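Next up: a single chain in structure tokens, the form predicted alone.
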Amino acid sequence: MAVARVACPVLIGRESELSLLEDSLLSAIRGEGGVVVLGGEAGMGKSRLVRELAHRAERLGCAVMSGTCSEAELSLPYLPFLEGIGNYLTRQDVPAVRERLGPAAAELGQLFPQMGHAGPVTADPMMSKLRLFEAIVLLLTDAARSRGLLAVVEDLHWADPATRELVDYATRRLRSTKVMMLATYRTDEMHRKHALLPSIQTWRRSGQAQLMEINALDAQGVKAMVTCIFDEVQVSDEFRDFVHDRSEGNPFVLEEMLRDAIDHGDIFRTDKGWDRKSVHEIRLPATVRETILQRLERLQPVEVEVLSAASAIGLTFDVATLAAVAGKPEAAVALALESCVTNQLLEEADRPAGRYCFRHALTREAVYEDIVATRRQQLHARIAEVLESRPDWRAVDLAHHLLMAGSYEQAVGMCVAAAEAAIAAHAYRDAADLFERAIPHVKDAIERGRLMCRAADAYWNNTETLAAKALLEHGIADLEAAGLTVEAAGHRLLLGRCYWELLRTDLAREQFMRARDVLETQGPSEALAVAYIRLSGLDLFDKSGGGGLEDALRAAEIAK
């Protein structure tokens, strides 16, 4: 007889890691906060460890915020903070919070409308971003004012650039506060070009964050898990070594393989309790992916169809959206989901809200990768239709699904809209990435050139001068080839600034002069005044004693 679930009811083999995390939490409560980064391969139990720490934090009276980064290639900037802080604010007296935060509340209005109107935009984008980051830190310290705060950011390996920047900022600002930020990431994702790797290496060298790694269970840990799952007193050394070898000490893989053994009758219940076939007769799948896919084969076709649609939506989803995407009544979808929960593929994330999630990211990956490419595109196209029909749709979500559907013309507009929203939230690298995702799918040379220049501006605002320079060179060439020399001249001012920052003052001067010569023909303008100011500045820094004063006076005359 099969059981409904095969999951270890207690945390096994993680006592030392939990003790270290609890020590960090107690230090935060004493006012010695900071950031802890917990790494480990997929399935090692990072989320389970985080949940256990969160339970203990709540028992100590701490506030707890939690958010998860999205596995989607394009996601909302600051997503885990929007989730964690947003949920926290729904339980608070928001006017009182605004009063305690003072002017910082207006900065938060950019991300959380309930905090009031966003503050005025300043000319310096980096200062605007720093004010936003500082306002978020102030909100976290306010939440921690009585008994401390545990702020969880899960799956940092999937984080958008703005989230990575904010976590890095927190490593320098949360010391001497009552805030413990705990971020998790998958070490098996850390290839040498992964965007998170430089941050991990910096934190390790500087000690700005406490880095921990969760490793595979040893044979005794596996034995303890099997004992707890089956409520047995003893497990033979032969079986212990067998499942330890096959699971490689990965708790999630172990649970999946044991579930498969039960479903196949290799492990079975008798009148006296649990029993099994001999080790030589047990045929466990070679990989966890195989285990999951074999379980799919035992589902009804409608259940597989619903589960496949869910995997295209993402790790978490709600019944209403899934029913619309699958084109089935909600009652039928609910029955299919119930079967998937029973088969240990899904879990209820929020019963009142009708939200479900995949049991693990590995589960979703296995289901999604088993869908043929054309069907995947159809599902993403349908998801985009469903999301767009709702009043609360977000451009970044539509952009992701439209790109995955191969609907590139529609995706371009959504990428641009999402990039503009990211700029408004000072998430400049996110904006640059979105513009770059759109550029290859723009057929018109003029629009492509303009998007290159907008992407370059976003990179420059994020202090990524080399990336900005490369895009400006291409974008300006496209605009000038189309005869838009005046528009291109405006972008040459930024290209000159890039050369200046790269210590190529000769090339910077050339760009400023070319921009000036074109703009002079159009009469006085802000851009022309900037061109003269830049030339004056070059003379000052080069100490050439040339026309610096003359250029400055000309700029002042134009500005009048």
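It should be emphasised that the depicted structure is a prediction, and the values quoted were computed from it without experimental measurement. Position 1 is the first residue in the sequence shown; the rest follow in order.
Just so it is clear, the following notes concern the form predicted together with a small molecule, a form of the same protein that is not shown.
Chemist: The small molecule isn't shown here, but in the model of the complex which of Asp397, Asp457, Glu255, Glu107 has a heavy atom within 4.5 Å of it?
Modeler: Selected residue: Glu255.
Chemist: By the heavy atom within 4.5 Å rule, which residue out of Ala422, Val367, Leu403, Met225 makes contact with the small molecule in the model of the complex?
Modeler: Only one listed residue qualifies here, and that residue is Met225.
Chemist: At 4.5 Å between heavy atoms, is Ala555 in contact with the small molecule in the model of the complex?
Modeler: Flag for Ala555 set to no.
Chemist: I'd like to know if Ser47 sits close to the small molecule in the model of the complex, meaning any non-hydrogen atom pair within 4.5 angstroms.
Modeler: Yes.
Chemist: Is His360 near the small molecule? Define near as a heavy atom within 4.5 Å, in the model of the complex.
Modeler: Heavy-atom contact with the small molecule at 4.5 Å: present for His360.
Chemist: So in the model of the complex, does any heavy atom of Leu538 sit within 4.5 Å of the small molecule?
Modeler: So Leu538 does not count as contacting the small molecule.
Chemist: Could you tell me which of 505 to 513, 35 to 43, 490 to 498, 57 to 65 sits within 4.5 Å of the small molecule in the model of the complex, going by non-hydrogen atoms?
Modeler: Every other range fails; the passing one is 35 to 43.
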